[in-house]
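Let's start with one chain on its own, the form predicted on its own, as structure tokens.
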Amino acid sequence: MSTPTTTNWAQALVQQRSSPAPAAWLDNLRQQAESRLDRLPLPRRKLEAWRYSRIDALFKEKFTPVVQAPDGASLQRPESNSPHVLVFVNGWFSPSLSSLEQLPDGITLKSLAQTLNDEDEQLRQHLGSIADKDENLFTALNTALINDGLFLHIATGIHLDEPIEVFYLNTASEEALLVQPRNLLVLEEQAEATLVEHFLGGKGNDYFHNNITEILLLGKAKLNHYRIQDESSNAWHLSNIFLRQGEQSHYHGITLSFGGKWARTDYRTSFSGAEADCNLRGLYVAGDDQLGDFHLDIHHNWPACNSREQFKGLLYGKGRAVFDGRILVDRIAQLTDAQLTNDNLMLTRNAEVDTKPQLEIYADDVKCSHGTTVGQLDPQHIFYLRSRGIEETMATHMLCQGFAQEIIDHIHLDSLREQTLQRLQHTLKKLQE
């Protein structure tokens, strides 16, 4: 049974919804989610999925949902080398800051709100079909307040050569904002695309970014998906990615987490066809007053699928991290090949990490492994570099960058890879302060 706190906190937010949904089917989807809010438990440490996530302070904050598109005229357009740029300000699409050049036939790329007005059948068919409606309170809250986000549909056999770049800008406000973009990506058979997402917030801005992305890859579709979280130092960030892969599809996902006082990313992956590949990698960097949190639930429910999960953490000051990775292999999922690793480098004594890789296997013809490491810089390595005339601080930076490089090298876009290295180096300089 839910507690009064659950009802009060979530329902108070939903009641601030300003207008009915533009379509009857969406209104029904919203209402179903709203009715679940009373039944879903408030995420607390008594629940296994939230055991190491200290978020009691989140429920003490009074957030205000952003129920209409803000004026982005005073904001500067983000720099990008892509011809396809979408900018969302506080969760709402900003046409004035975006730049969408002519797209090939067979590709729909627009805001969710615009797609709702266009009564797109693909949106109606798939929105809410992949996300687990009973996953948690935050998933239901996002669904109950669906307004805007990204919609991408690519028809069979279409390849989008240039990357799509999406910026989520969270601006300052006198109130603590609830920002909830909702994304849907559908790639039909043999379609291909690259998506780069930036989650950004000004220094000190106070808000809760509660994002959901649903991804459907049909047979032989391929998606390269990069996510860079660099939120405000006062921000709460939660991303739920729900992924369903068809036969021989390929998903290559990298998440980079630098910002936020509490930043959590959840992946929920399942398969709907054989011989699909899912590659998930991540790098999280957390310092004082920061918690970086990753949860993976990879469900092998189809034969002969492969998954690779590799995540690394750099922790300094009193930074905390949580890694909870689970691979579930059903009895039907013979010939599964799954590997999960989590490595953490502790740069200070006060840093902390809770890591829990898990394998749950019910098939007998599989190749699965998991492992985790937690350690500090090797003094002998630092001594070796210093003996070659390298100053100690620079030696530390070089070893940290070498540790992270294994993840960064899997970024296929040169400009993004360079941007990531610069961001990492900027963080490492804080160790000198």
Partner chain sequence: MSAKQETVEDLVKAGYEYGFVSEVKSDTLPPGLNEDTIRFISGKKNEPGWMLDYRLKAFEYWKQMKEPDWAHLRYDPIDFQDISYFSAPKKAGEGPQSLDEVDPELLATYEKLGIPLEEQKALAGVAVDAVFDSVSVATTFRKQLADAGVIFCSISEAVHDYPELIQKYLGSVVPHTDNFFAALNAAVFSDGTFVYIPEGVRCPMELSTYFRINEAKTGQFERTLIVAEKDSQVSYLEGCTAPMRDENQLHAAVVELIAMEDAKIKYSTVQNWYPGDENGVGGIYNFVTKRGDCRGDRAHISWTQVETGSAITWKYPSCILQGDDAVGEFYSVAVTRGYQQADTGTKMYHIGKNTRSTIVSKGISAAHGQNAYRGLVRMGTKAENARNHTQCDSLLIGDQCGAHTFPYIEVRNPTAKVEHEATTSKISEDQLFYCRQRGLKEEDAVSMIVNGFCKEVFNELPMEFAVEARKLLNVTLEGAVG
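Positions refer to the first chain, counted from 1. Just so it is clear, the structure is predicted and the values come from calculations on it, not from any experiment.
We do not show the form predicted together with the partner chain, though everything after this point is about it.
- Heavy atoms of Thr373 reach within 4.5 Å of the partner chain in the model of the complex, making it an interface residue.
- Taking non-hydrogen atoms only, Arg44 never approaches the partner chain to within 4.5 angstroms in the model of the complex.
- When contacts are judged by a 4.5 Å heavy atom cut-off, Asn136 does not count as touching the partner chain in the model of the complex.
- Not displayed here, the partner chain is kept clear of Thr64 by more than 4.5 Å at the level of heavy atoms in the model of the complex.
- Screening 140-148, 244-252, 113-121, 346-354 for residues having heavy atoms within 4.5 Å of the partner chain in the model of the complex returns a single hit, 346-354.
- Between the options Leu58, Cys368, Ile382, Met394, the residue in contact with the partner chain in the model of the complex by a heavy atom within 4.5 angstroms is Cys368.
- Only one of Asn306, Gln358, Ser82, Ser129 comes within 4.5 Å of the partner chain in the model of the complex through a heavy atom, and that residue is Gln358.
- In the model of the complex, the partner chain lies within 4.5 angstroms of at least one heavy atom of each of the following residues of 314-339: Arg331, Gln334, in sequence order.
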